[in-house]
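The chain below stands alone and is given in C-alpha cells; this is the form predicted alone.
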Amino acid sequence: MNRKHVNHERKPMVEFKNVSKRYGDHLVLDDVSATVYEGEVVVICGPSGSGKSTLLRAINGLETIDEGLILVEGKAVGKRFENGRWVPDTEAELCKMRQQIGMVFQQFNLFPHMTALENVMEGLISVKKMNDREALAVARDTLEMMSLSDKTGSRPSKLSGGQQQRVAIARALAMRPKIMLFDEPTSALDPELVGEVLNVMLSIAREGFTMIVVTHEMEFARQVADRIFFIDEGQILVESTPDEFFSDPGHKRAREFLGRLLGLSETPDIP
C-alpha cells in the first residue's frame, strides 16, 4: 500500500486537548493532546493497561473524561458550552454524534438470535430509520464487501470468529460513518483467523476512511498506518510515522515494548 502523506492542512477529524481520566486514584489518561486528520490511519499501541482502549472509547462517549476536551469535526464529545461553562451534553446529541463513528470491539457483540444480515440491518432500521427494503439492500452490499454473501442467513453461533468480526465490521460500515474505531479487533481470534480480519481493515483503509486502530498487530501498523501513537501510563510518548517508529521509536519504553512484541509474535502477511 502506498502510504498517504499526512497533510496537516487537512481537516482535523478527532482532536484530544489536554485529556485526563481517572479511575479512583489511578490516572488512566494523563493530559493527552493529539490530532487525527481526515483520511488518516492512526494506530495506537502500547502495553496492556496503558490507556489505549480508554482513549479510543472516549471518542464516542463510551468513556467520560475528567478534564480536557475531545472534539470530533470540531464539536466537543459529551459536552456543550452554555452560560459560560461546559455542561454535559444531552443523550440525544451524543447519539447523533455516534452515528458518525463506527466502532468495532474485541468481542463481536452481535445479537445471537439474529442472522448476519439482520445484525447489519438492525442499526439501519432503528437508528437511521431506513425502511426494510433500503436496509436490506445496504446490508447485502456491505456483507458482500466483507466476502460474506454466502453467510447472510447464518446466526453468529454458526460463524467462525473471523466471520463474526467481519459481520461486526459490516454492521459499523453500513452506517456510513465518517470515522472508524477498532479496539483490538483481532485479540479474540485464533491466530489463523487474524489475517482475514486485517485484510478487511486494509481494504477499508484503501477506501480513504479515517481510522483509529488500537492493536498489537505490528505488521498491520507498519504497512497500513500513516502514524503510530505509542502510549504508556496514560501519555502519548511517541507520535511518528511507521518508518520512524520501526527504525527507532526514540523513547526507551517504546523500544522495550517493540522489542518484546516483535520478539514474541509474528503477524500474518498482508498483501
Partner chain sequence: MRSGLVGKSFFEVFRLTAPLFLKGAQMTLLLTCVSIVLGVCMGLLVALLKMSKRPACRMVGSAYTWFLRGTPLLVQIWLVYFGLGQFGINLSGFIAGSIALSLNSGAYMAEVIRAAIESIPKGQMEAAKSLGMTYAQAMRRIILPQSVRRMVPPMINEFVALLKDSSLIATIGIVELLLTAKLLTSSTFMPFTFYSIVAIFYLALTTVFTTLGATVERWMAALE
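As the structure is a computational prediction, the values presented were derived from the model and not from experiment. Residue numbers count along the first chain shown, from 1.
Below, we refer to the form predicted in complex with its partner chain, which is not included among the displayed structures.
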Exercise. Just one of G123, G195, G161, G78 has a heavy atom within 4.5 angstroms of its partner chain in the predicted complex, so which one?
Worked result: G123
Seminar exercise, completed: None of A137, A188, C95, L71 but one has a heavy atom within 4.5 Å of its partner chain in the predicted complex; the exception is C95
For this session: Work out which of the listed stretches, 79 to 87, 195 to 203, 146 to 154, 114 to 122, brings a heavy atom within 4.5 angstroms of its partner chain in the predicted complex.
Result: 114 to 122
Problem set entry | R57, heavy atom within 4.5 angstroms of its partner chain in the predicted complex | yes
For this session: Give a yes or no for R171: in the predicted complex, does one of its heavy atoms lie within 4.5 Å of a heavy atom belonging to its partner chain?
Result: yes
Exercise. Is the gap between L62 and its partner chain in the predicted complex 4.5 Å or less for some heavy atom pair?
Worked result: yes
Exercise. Is there any non-hydrogen atom of M103 lying within 4.5 Å of its partner chain in the predicted complex?
Worked result: yes
Problem set entry | Site test, S33, A225 and D248 vs its partner chain in the predicted complex, non-hydrogen atom cutoff 4.5 Å | no
